[in-house]
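First comes one chain, alone, set out as structure tokens in the form predicted on its own.
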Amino acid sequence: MRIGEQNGEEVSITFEGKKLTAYAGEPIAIGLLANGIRRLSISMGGRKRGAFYVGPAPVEVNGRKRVDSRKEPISEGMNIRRGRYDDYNKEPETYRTSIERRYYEVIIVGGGPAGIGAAQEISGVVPTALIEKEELGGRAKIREDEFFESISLNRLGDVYERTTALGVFYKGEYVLVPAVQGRKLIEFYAKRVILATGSVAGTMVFENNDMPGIFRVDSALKAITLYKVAPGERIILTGRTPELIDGILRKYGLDYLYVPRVKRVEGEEGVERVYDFEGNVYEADAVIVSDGKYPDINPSTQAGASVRYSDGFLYPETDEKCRINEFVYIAGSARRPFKEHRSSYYHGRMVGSFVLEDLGYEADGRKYEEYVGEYYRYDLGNIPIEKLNHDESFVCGCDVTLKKVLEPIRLGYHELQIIKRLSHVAMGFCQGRYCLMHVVRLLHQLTGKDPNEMDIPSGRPPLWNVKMGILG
């Protein structure tokens, strides 16, 4: 259902033999959602999947398999069919690619409020690059945050939008950050790197939590504010942090009901009914999960950071200047999940000042401390394993059920790395961004083990999916 003025030209597409209209440039998954189509793929385990909660969302486009429906833009005449996780093209796609090298004093990875704040602090002093894998603004933009909208986006240095950083590597006195822009590989070299890679949206474990029609809060926000498409007509909002989206739902006049904890969802092609733990049943066609946000630790651990647990989440250890070593700094919600985008912005400015100090310039990062507000704090909490069907409750979108994670723990395997190998949790496309905290909770819940004593896996390059042809 479309809920506002659309950008782009109206075009005709075909889905499973049916003619539809959509808008050029919007992602395939969004165009199909606007037409009431939620089921897009079949998982390796034969589960029906959508595009907005867990797992990849491959579709077939004009005979080409494994097209990412979340990212591929719609164009006139597209012939789209549902895909399977185990579908592969018989002939590999081949093409020429290019490699470029760019040199800067400072590279900032992440174009949300923290990255923008750091860039504005630094770029007028030293050559600076700001790398963002989507568009500037991050979650502040999709939440239509008033503070963010008041910030001028001038003085950011060289901005590389839709450019995906793959990792951080040390080359003597320089740091190398390889990144992909389209089909081009860019090798960025700098003396200092700021990781302002933000947070990830928390997910929840309940029965059939992989069903089409379930949305992470960030996916729902993008659909509503960027593309003016509603997740559904009868929405259930669940989780510990409804404030991350309830204002947007009200602003756009969407009908929703808040149910703090969902036990089960049911339906044929997607969500039709929602059950809570008290036995109440709600008719619904969409569930938005808003259960906190956690630092994306993968970029920082790949760069060499150690992690600690506190206040309900894992975070990278830094010194008083937010450094993990002499080259790499962590800014904003990549370090702690701030409640307000204003806080992330000023934390970015503070870290930018620390970088200038270390490069020998006159700067005072402490002057921003008074503007840096609160970050979220959560209880670790228990997953209600005694009340859930373990075969139908998914810890990880890669077909890893609650049963698969509980089995090795109950057999006496209490090391995360071993549980990971036995269950395959955190071994998929997201490298554990959305599932690792569930395993930490379960291990603590069943054994009492301190999360600070757990062997947390590090992020591995490439940090995001990339076509092998580009690297080749």
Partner chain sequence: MKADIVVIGGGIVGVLIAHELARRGEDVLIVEKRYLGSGSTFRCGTGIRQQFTDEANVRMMKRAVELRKKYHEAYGFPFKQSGYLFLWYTEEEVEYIKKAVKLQNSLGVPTRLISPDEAKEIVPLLDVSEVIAATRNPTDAKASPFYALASFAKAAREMGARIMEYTEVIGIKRKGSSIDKVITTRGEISTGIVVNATNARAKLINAMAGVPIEIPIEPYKHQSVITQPIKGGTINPMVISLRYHHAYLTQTAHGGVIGGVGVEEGPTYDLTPTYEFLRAVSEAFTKIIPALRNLRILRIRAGFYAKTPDSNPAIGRIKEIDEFYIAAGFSGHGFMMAPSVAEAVADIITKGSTSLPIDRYDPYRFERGELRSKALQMGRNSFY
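Numbering follows the first chain given and starts at 1. Source: prediction; values computed, not measured.
One more form of this protein should be noted, the form predicted together with its partner chain, which is absent from this view; the next part is about it.
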*Heavy atom within 4.5 Å of its partner chain in the predicted complex: which of Ile409, Leu422, Ile42, Val440?*
Leu422
_Listed residue (Glu269, Asp86, Glu135, Glu76) with a non-hydrogen atom within 4.5 angstroms of its partner chain in the predicted complex_ = Asp86
*Can you check 222-230, 180-188, 351-359, 382-390 and let me know which stretch has heavy atoms within 4.5 Å of its partner chain in the predicted complex?*
180-188
*May I ask whether Ile99, Gln431 and Pro461 all come within 4.5 angstroms of its partner chain in the predicted complex, judged by heavy atoms?*
yes
_Just checking whether Leu176 would be counted as a contact of its partner chain in the predicted complex - the rule being heavy atoms within 4.5 angstroms._
yes
*asked:* Just checking whether Asn62 would be counted as a contact of its partner chain in the predicted complex - the rule being heavy atoms within 4.5 angstroms.
replied: no
*Is Arg66 a contact residue for its partner chain in the predicted complex, using a 4.5 Å heavy atom cut-off?*
yes
*asked:* If we define contact as a non-hydrogen atom of the residue within 4.5 angstroms of the partner, is Gly124 a contact of its partner chain in the predicted complex?
replied: no
